[in-house]
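The chain below stands alone, shown as structure tokens; this is the form predicted alone.
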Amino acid sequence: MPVSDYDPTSLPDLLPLYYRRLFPFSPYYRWLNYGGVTKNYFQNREFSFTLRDDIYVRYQSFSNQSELEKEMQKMNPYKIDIGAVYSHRPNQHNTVKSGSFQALEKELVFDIDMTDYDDVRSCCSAADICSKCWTLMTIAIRILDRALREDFGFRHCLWVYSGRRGVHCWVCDPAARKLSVAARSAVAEYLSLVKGGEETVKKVQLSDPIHPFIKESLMVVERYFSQYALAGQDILSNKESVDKVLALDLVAYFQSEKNPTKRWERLKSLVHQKRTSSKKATHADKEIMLQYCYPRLDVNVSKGVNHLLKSPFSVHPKTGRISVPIDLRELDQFDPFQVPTISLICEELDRPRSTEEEAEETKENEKDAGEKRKIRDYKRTSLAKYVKLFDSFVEGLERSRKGELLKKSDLQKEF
């Protein structure tokens, strides 16, 4: 199979190989077990599997990593979703007294889908994406990650490509996992700025004074606006798109200027004039930038503790791409079309080992002669850098947890 091609009909043949030799079960279990400090934390976690022919199986739960591995290798799910940590084991929910089966904890999650931006992108629509509109995901990650870390004080935010047309964020701090529905709703509302459905023309309304969070967000948007909206989407080039912009409370006096960038400068100048001559402040230019570029959240995903979200390292059945973590240090270079497909990494497994790989395997085996640990198969594939990134994230969680335990220990010694 050519490396660039993915055939959805090949998925039943590829998934057994993927779950047997490539899925990163060890860091995955360490992530969701959170050190095993809380009794039954992993055991009470819900997983759901979507199987072949859209068979949907909810309330799966597992005692340990080994049980999870065996079941996934047996069922070969087309899609994996992760749910909440419940009061009882999810696979026994039918045996629990009515009303006592409760969702207790879950990561604070965010789901950003490109289809929610269809009114502000002309390059693609529906499930299609391209490099032009992917800039919207870059902007969303930059704005939300900064806010989560600086405004809310969270430290452990895992950003993941969905495998097709969007991104997910998993906020894994203990405080985030314990948030109530009301608190999650408050965070989601704080981060939501674009309001209104298809029938709403103007979806962003600013008032004075502009909130510091919005000011910070505007700094990000301004970095990308010209590249995305003026060059990529030509929002001030043709009559239809210009009329759309003008519908956001602007006048058409700049129509004589044909260059989109100069039109934007003229438009900003007009807003400035209105702002200085009127007692009531106008922020039309900022509202336009935010309407075209600000993140559009599916707030219902963030609000519910029991809401399921697609798992990292799940395979997207239509594109074949793996749902991989995103390295924020290289965010501007992230290209969804370069994310490895299941067909590519399975093909890479079949390639003969290089001399270097054989030497590394020998070294690994010598180092752990007792266990005769072989080099992980994923290290031979394009998946390697994403697993390494995920492993690094999990290590950061573990270091943080050890630090908290040491603090508690020191405090107890003092008293």
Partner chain sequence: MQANLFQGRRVSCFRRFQAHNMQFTKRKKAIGNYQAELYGHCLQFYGQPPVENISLSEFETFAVERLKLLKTVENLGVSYVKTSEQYKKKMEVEISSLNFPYRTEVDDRKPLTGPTEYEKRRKDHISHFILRLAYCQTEDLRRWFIQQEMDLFRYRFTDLPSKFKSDFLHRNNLHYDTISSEEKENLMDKLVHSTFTVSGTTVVEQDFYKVPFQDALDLVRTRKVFLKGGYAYIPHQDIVTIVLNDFRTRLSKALALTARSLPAVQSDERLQPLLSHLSHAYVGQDYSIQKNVGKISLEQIDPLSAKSFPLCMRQLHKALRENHHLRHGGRMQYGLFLKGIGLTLDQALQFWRAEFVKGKVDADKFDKAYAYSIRHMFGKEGKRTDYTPYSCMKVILSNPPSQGDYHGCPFRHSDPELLKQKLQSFKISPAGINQILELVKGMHYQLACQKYFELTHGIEDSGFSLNHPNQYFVESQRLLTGGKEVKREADTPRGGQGVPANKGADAPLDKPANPAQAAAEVTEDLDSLFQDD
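Positions refer to the first chain, counted from 1. Note that this is a predicted model, so its numbers are computed, not measured.
If you look for the form predicted together with the partner chain, you will not find it shown, but the lines that follow are about it.
- Heavy atoms within 4.5 Å of the partner chain in the model of the complex belong, among the stretches 133-141, 203-211, 218-226, 335-343, to residues of 203-211.
- Of the residues given (D243, E265, D234, E189), E189 alone sits with a heavy atom within 4.5 Å of the partner chain in the model of the complex.
- For the options H156, K79, R296, R321, the one in contact with the partner chain in the model of the complex, meaning a heavy atom within 4.5 Å, is R296.
- Interface residue remark: D327 is not counted as part of the site for the partner chain in the model of the complex, having no heavy atom within 4.5 Å.
- Although the partner is absent from this view, D54 contacts the partner chain in the model of the complex, with a non-hydrogen atom inside 4.5 angstroms.
- The partner chain in the model of the complex comes within 4.5 Å of a heavy atom belonging to N300.
- Shown alone here, M75 lies farther than 4.5 Å from the partner chain in the model of the complex, counting heavy atoms only.
- Contacts between 108-130 and the partner chain, taken as any heavy atom within 4.5 Å in the model of the complex, involve T115, D116, D119.
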